[in-house]
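Read the single chain below, which is given as C-alpha cells and is the form predicted on its own.
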C-alpha cells in the first residue's frame, strides 16, 4: 500500500467530496417525504444534507433529546480539560436554516409495509424513504451482575450525558492512591481508541490531583489499534501509573460485583475505587425490533446507498451498521450519512448516482499537549467497505508534531460539529 502524506490525502478526499455534492435537481416533482430517526451525528448529517440538496425533499428528524452531547471529546471533560456544556449541540439551526421538521419524541415502531413510523406519543409519520440512525445498545447479560442498577455504581459513560457526569464525580471524589479500573469490551464497539484515550487523559488528571493513583485496563482483546503509540505515551507521560492486561492474561472479564466495586475475571478479582465498565455492544433497540439486524446484532447495508440488506426502502448509517473496514466513529457516521443522503436524493430525482467517497479523520489525545491523528479512505469493494488509503501517526513522531495535532484537534471539533448541526 502506498504511503501518503496528510496533504496528499486531504486533497484526494476533498476532491471526492466535491464530486459527491452534486445531485441534479428534479424539475416539477412534488416533495418526497423522508423521515430520519435518530439525531446523533449520522442522523443529523443525513437530515441536513438531504434538506440542503437540490432535490425536493420534505425532511423530518425524530429525536427525543433537545440537544446532542458528543461522545468524542467527552474524555477531555472527564479529565477536567473541557466543560461539559461545550459538548452539547442543539437542533435549532437544522430547523431554522434548513427547514427540517424536528420532532422531539421517540420512535416506537416501524411498519415497512405501510411506510409509517409510530411515535411514543401515539402519532404516526408516513414516509417515502426512511433513514434509521439508532446508535448502539448494550448486549443483555454480557457481564454477570452488570444491569441498570450497576451502571449507577460502575458507570460505562459510553453514551455521553448523565453517565459522563457520574464518572467525573467519582473520579473527583476518589482518594489519592485509589485504583481506577476500565473494562474494555470485545470488538466491534463504538470508537475503538476511546478506552485507551480515556486512560491517558484521566492519568493526566491524576498526575496533577492524585499522583499516587493507579489505572488498570482489563481488555477483552489481546491487542488494540495504535497500541504501540499508546504504550509509548504511557511510558513517557505516566510511568508506572497505567497497566494494561489482555484477555490472554486474565481469561477475560466474566462478572462484576457493584456492592464491592469488583470486577471478576476467569483468574482473579480486582477491586476498584472507581470502575468504568464498558459492556459489549450491538445495534440500537429500534433496529432490533424492526428486523434490521442479522445474527451478529448489527445491521447489514448496501455499501454504496446504505440501504438495508434486510428491509428495502430503509437506510441505516452510523455505529449500528456492519461497516467492513470502517470503524464505529463519529466521522465515519458523518461520511456514511453524506453518501446515503446523496444516494437518496439521486434516486428520488431520477438522476445519476455518483460513487461514494468515504473517509475517517480523527484525533486522539495521549496527554493535554500530545495527540495523534489518523486519516483513512474507504471504498465499496465486492459488497464491502474496504480501506484503500491511509495516513496513520507513528511512534517516532516528534513532540512538536504531537503538540500541533493537539491544537488542531480543537479546530477539528468545532468545524466538524458545525458541519453536522448547522
Ligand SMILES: Cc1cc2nc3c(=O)[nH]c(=O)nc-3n(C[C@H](O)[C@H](O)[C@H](O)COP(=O)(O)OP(=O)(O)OC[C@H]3O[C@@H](n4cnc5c(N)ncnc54)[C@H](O)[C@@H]3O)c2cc1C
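Positions refer to the first chain, counted from 1. This one's a predicted model, so the numbers in the text were calculated from it and none came from an experiment.
There is another form of this protein, the form predicted together with the named molecule, and it is not shown here; the text below is about that form.
**Request:** Go through 325-333, 340-348, 236-244, 255-263 and give me the stretch that gets within 4.5 Å of the named molecule in the predicted complex, heavy atoms only.
**Result:** In the other structure, the partner sits against 325-333.
**Prompt:** Quick check: do 168, 180 and 277 each get a heavy atom within 4.5 Å of the named molecule in the predicted complex?
**Reply:** The answer is no; none of 168, 180 and 277 reaches the named molecule.
**Request:** Consider residue 129 of the chain shown here, and say whether it contacts the named molecule in the predicted complex, taking contact as heavy atoms within 4.5 Å.
**Result:** No - in the predicted complex, heavy atoms of residue 129 and the named molecule never come within 4.5 Å of each other.
**Asked** Could you tell me if residue 198 has a non-hydrogen atom within 4.5 Å of the named molecule in the predicted complex?
**Response** Answer yes; at least one heavy atom of residue 198 falls within 4.5 Å of the named molecule in the predicted complex.
**Message:** Taking any heavy atom pair closer than or equal to 4.5 Å as contact, tell me whether residue 190 reaches the named molecule in the predicted complex.
**Reply:** Residue 190: contacts the named molecule in the predicted complex.
**4.5 angstroms heavy atom contact with the named molecule in the predicted complex for residue 79** = No, residue 79 is distant from the partner.
**Request:** Counting non-hydrogen atoms within 4.5 angstroms of the named molecule in the predicted complex, say which of 37, 358, 366, 57 makes the cut.
**Result:** Among 37, 358, 366, 57, a heavy atom within 4.5 Å of the named molecule in the predicted complex occurs only for 37.
**Request:** For the heavy atom contacts within 4.5 Å of the named molecule in the predicted complex, list the residues of 129-145 involved, in sequence order.
**Result:** The stretch touches the partner through 133, 134, 135.
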